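Given next, in structure tokens, is a single chain: the form predicted on its own.
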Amino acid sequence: MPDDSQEWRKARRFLKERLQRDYTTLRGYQEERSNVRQLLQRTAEMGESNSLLLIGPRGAGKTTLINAVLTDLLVNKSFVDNTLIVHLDGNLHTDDRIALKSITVQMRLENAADGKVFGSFAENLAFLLQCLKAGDKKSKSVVFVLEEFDLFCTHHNQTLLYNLFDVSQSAQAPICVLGVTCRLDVIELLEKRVKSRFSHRQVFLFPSADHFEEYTKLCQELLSIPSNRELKASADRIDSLELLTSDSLNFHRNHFDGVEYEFDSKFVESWNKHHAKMLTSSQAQKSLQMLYDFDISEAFLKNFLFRLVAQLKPDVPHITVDQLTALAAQYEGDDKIDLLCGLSVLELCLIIAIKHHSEIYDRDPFNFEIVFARFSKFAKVSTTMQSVERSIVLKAFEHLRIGELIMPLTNSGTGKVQKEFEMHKMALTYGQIQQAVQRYQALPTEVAQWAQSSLI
């Protein structure tokens, strides 16, 4: 028993570390990966200068793709010896002066300056360009990785981008500019002179929304424990990261290394078999489908599984379907539905009256008088809502407005129009109202029936 306890603790730590600190494992995007790899190879080996933009939503794997390609190329000795990597981030390097200083440090140009002190931005830039232009195709190639590329477009006159693209278009020292951004309109942000010097190579990374089976396999892979042989096989790739000499790229310093773990083969078989069976159950599949509809990125799935693995305890050494379903339900929660469930029955009746009006008149705007007339029809035949005074109904209507469940069409206030006649629009979907009616505790049956049909 102590052995089993030790094994599951080790498994929990292993999975948490792998989910958090595996920066170079890229799944899919084979064509895009090949394009970026060939581009960097041509820069390092043939002295070609290039520029490229990686575009995709957050969490799609743009930075991981660059990390994976750099890791692939570290086995190539000529790439390691002949390439400098300069990493810039738009969130950190907020203007060209800071970015230029970082480039100078990362390219180790201080020693080449013979003690010269850069007195201004112009001198710093001139010295950098002089160093790049002094080279030829046999010089060391420089790879510029620009994270949050769109933020560099906001810098004054786009001086840095202009000069980098200008060097990449001329027969000088070979450089490759890799821009990473989540904005599709990033090309339109470039000034005309910068745009004319950009190669217009763009690689788009968009996760596919039509491969749920692959999403399930990915989930199973992330929860499974590899054999000791597989752990040792991946160790060589991780060891090669030590060849990265860049001071700004730090993913290799904190990268997950599974070689320090060793598991009992029977435990690994039992663990993987249990979780493979658990993920194939209909309840787990339904929860995974909901997560897939919510967010299809691998980064989101890793965060979800990390929270799931963190729930492992001595009395619950395996992940259960109930844990998966309960955690997935938290992502399905809707604040508007919770707000509706906290309304009084009278306020919910007004929401139902507004829903029927919107369905009949194709979401036309409404005022209090319209809603009150529809509510009054229901109140006449209802045993619950009889003898509710108009002033109380008006107060309930105003409460809906304060809660922003209905929104006024104009911001002119009630000075020009009486509040009973001010036009509003509904800030809810029919599905939200339907779910709220189903979840509402102790809702009168006739109100629930009225929510289903406007016929009284």
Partner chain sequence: SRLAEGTPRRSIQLSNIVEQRVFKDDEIISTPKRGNKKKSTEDADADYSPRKSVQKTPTRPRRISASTKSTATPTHGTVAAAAAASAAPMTPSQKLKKIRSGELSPSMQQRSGKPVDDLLKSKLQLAREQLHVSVVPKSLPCREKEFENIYSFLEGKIQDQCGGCMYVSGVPGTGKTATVTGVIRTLQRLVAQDKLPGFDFLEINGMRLTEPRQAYVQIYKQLTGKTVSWEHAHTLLEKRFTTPAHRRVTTVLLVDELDILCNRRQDVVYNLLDWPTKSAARLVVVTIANTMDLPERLLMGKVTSRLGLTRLTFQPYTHKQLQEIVTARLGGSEAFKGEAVQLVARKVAAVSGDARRALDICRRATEIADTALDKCVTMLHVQQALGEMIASAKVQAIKNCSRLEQIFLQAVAAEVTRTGVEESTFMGVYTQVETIAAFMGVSLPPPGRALRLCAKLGAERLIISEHSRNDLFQKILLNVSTDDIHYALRVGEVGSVN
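Just so it is clear, the structure is predicted and the values come from calculations on it, not from any experiment. Between two forms, the rigid core is the largest collection of C-alphas that superpose within 1.5 Å. Residue numbers count along the first chain shown, from 1.
Missing here is the form predicted in complex with the partner chain; even so, the following discussion is about that form.
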For the partner chain, considered in the predicted bound form: do all three of 72, 257 and 306 come within 4.5 Å of it, counting heavy atoms only? no
Please determine, with the chain shown alone, which of 259-267, 85-93, 375-383, 172-180 has non-hydrogen atoms within 4.5 Å of the partner chain in the predicted bound form. 172-180
Only one of 252, 237, 274, 336 gets a heavy atom within 4.5 Å of the partner chain in the predicted bound form. Which one? 336
Ok, 76, 228, 199, 367: which has a heavy atom sitting within 4.5 Å of the partner chain in the predicted bound form? 199
Give a yes/no on whether residue 42 approaches the partner chain to within 4.5 Å in the predicted bound form, heavy atoms considered. yes
With a cut-off of 4.5 Å between heavy atoms, is residue 123 one of the residues that contacts the partner chain in the predicted bound form? yes
Against the partner chain in the predicted bound form, would residue 130 count as a contact residue? Criterion: heavy atoms within 4.5 Å. yes
Within 4.5 Å, heavy atoms only: does residue 396 come near the partner chain in the predicted bound form? no
Any residue of 42-64 with a heavy atom within 4.5 Å of the partner chain in the predicted bound form counts; write them all down in order. 42, 43, 44, 45, 46, 47, 48, 49, 50, 57, 58
Fitting the rigid core first, would the Cα of residue 260 be found 2 Å or more away between this form and the one not shown? no
Has the Cα of residue 427 moved 2 Å or more between this form and the one not shown, judged after a core fit? yes
Shorter or longer C-alpha distance for residue 335 and residue 306 in the predicted bound form, given it differs from this form by 3 Å or more? closer
